[in-house]
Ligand code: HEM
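Below, in structure tokens: the form predicted alone, a single chain.
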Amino acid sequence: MRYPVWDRAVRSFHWYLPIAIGVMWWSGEQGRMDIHEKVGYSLLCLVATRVIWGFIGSEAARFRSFLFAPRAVLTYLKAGGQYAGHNPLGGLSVTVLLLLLLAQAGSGVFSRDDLLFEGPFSYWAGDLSGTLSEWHKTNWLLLQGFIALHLFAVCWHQWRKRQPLIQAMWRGQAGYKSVTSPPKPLRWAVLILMLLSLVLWGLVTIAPEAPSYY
């Protein structure tokens, strides 16, 4: 029996990302830091959930399924090949994207600009808050460039190499992109997300406000 290669947790996370990143960009440009902050919280919790899901989730969602040795990446670049889940280059891309998103959301809660925004943990960061604020800006540029590269790679494989990446990520499976092991239930990922959200809420609640100098 064949099962979806991408479970509902992975697909939900994947399709929420472009919405959340778009809102984060818009809210940052418009100075709507109230929206920026709340969506940033959701991204931090969701990325952290996806990282945990990479260890306990469905088979194709686990890091061990798509983190390949450098030699395998080079071999794929030379010879190509079909993979039910992420290919070696795609697996590397997903890992870098998760790290950049985690760095972006993580640096945001510790940053402040002394004008429009103070992250909930900026007081705890102390003198590092300014450094993390600068990293938040720099990492955003890196993230934009990597997203553009990621979209180009998806388009290349989807239309040039005729691989059903978008269909599989939308429906869970398409063509050769299916697996023989059943996916993990979505409720476990939701439970992890709820627990992480509760922890973040608790930390935000007890975090002291940064002192005002004005």
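The first residue of the sequence shown is number 1, and the count goes up from there. Predicted, not measured: the structure shown is a model, and the values here were computed from it.
The form predicted together with protoporphyrin IX containing FE is left out here; the points below concern that form.
Do all of Trp15, Pro18 and Leu151 end up near protoporphyrin IX containing FE in the predicted complex, with near meaning a heavy atom within 4.5 Å? Each of the three qualifies.
Among the candidates Leu67, Met33, Ile52, Leu186, the residue which, in the predicted complex, approaches protoporphyrin IX containing FE to within 4.5 Å (heavy atoms): Going through each option in turn, the one that passes is Met33.
Heavy atom to heavy atom, is Leu46 within 4.5 Å of protoporphyrin IX containing FE in the predicted complex? Judged by the heavy-atom cut-off of 4.5 Å, Leu46 is well away from protoporphyrin IX containing FE in the predicted complex.
Do Met24 and protoporphyrin IX containing FE come within 4.5 Å of each other in the predicted complex, heavy atoms counted? Contact check for Met24: yes, within 4.5 Å of protoporphyrin IX containing FE in the predicted complex.
Does any heavy atom of Trp140 come within 4.5 Å of a heavy atom of protoporphyrin IX containing FE in the predicted complex? It does: once protoporphyrin IX containing FE is placed as it appears in the predicted complex, Trp140 has a heavy atom within 4.5 Å of it.
Is Met169 close enough to touch protoporphyrin IX containing FE in the predicted complex, meaning at least one heavy atom pair within 4.5 Å? Met169: contacts protoporphyrin IX containing FE in the predicted complex.
Out of 47 to 86, which residues reach within 4.5 Å of protoporphyrin IX containing FE in the predicted complex, heavy atoms considered? Heavy-atom contacts within 4.5 Å come from Arg50, Gly85, His86.
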